[in-house]
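The form predicted on its own is given below as one chain in structure tokens.
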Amino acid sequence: MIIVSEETCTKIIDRASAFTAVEQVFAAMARGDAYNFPVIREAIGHAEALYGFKSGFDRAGLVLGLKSGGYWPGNMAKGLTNHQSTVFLFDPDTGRPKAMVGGNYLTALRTAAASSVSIKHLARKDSKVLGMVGAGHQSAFQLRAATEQMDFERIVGWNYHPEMLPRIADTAKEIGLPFEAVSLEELGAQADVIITITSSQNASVLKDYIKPGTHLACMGTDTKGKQEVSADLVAAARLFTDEVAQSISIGECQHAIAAGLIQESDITPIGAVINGDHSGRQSEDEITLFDGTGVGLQDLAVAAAAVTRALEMGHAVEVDI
């Protein structure tokens, strides 16, 4: 079995590789060449942790496996990231274990890649202002990935805890773009593209805040009960997602579905746009929304890319089992 450590992943997989892997697997999903298995996610009754499994099979890329991990809210005090995960890949021809890959860095990369895929395919090409709602660990990954897909001129941001906003400011400075901390109302009035990446249980981005033509990438809602944007905003937008089944059950669209404001048929897989089977944005004034719930196939795709790169570069560890 091949082992690719967390440290090795940070050295061999970049944003471009993650973007390509995620874009390709979204396309495969829409074609019916790849599918996710039901997600398991449970509170374990210890350390306030949520733990679970995401798994699937990409028949086109011959990638089979699962990501095991979850959220430990006390980890930051221990000098660790709150999200912890490991990816296991298996040989689809025999079922034998193929690789074990560190999943923390790859999870951050693949989440940012998903929102940047949506920006590439759904945002207005003349978008100039990027709005960031959320300033946690993932925000820096999101910011770097997004600015590689669009010629943004400045960044505005908001966070529940304003003292965390320097993370966005510092990342923006590294990229070479000006940053301004603003209210949510100001962010909605200025931003052409908005990325939400919080763990909120209540909507913070409201319909009245958003101007026509905005693209929203909602990346924080991946569990039943979470919510970043109001249900009426979801209903007012043209909707896209990584996987419809997750969008209506654990994603941002769950609340609009529950309120009867939208139907499952109103949501389009982003892969259909990538494949050219759906035109995506219909007009310059239309609000588009990508519900990024996070699917196991994203993790498997970037992990498989990491294994390939590790072998090519001589960074993989091989063990007999």
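For every residue, the number given is its place in the sequence shown, counted from 1. Predicted model, so just to flag it, every value in this text is computed and none were measured.
The next section is about a form of this same protein that is not shown, the form predicted in complex with a small molecule.
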Answer key: of Val129, Met164, Val182, Ala189, within 4.5 Å of the small molecule in the predicted bound form (heavy atoms) is Met164
Exactly one of Gly294, Gly69, Pro269, Gly56 comes within 4.5 Å of the small molecule in the predicted bound form through a heavy atom, and that residue is Gly294
Query - Non-hydrogen atom contact Gln138 with the small molecule in the predicted bound form at 4.5 angstroms - result: yes
Looking in the predicted bound form, any heavy atom of Gly103 within 4.5 Å of the small molecule? no
_Does any part of Thr171 reach within 4.5 Å of the small molecule in the predicted bound form? Heavy atoms only, please._
no
Contact flag, Met219 vs the small molecule in the predicted bound form, heavy atom cut 4.5 Å:
yes
Only one of 103-111, 149-157, 119-127, 88-96 sits within 4.5 Å of the small molecule in the predicted bound form by heavy atom distance, namely 103-111
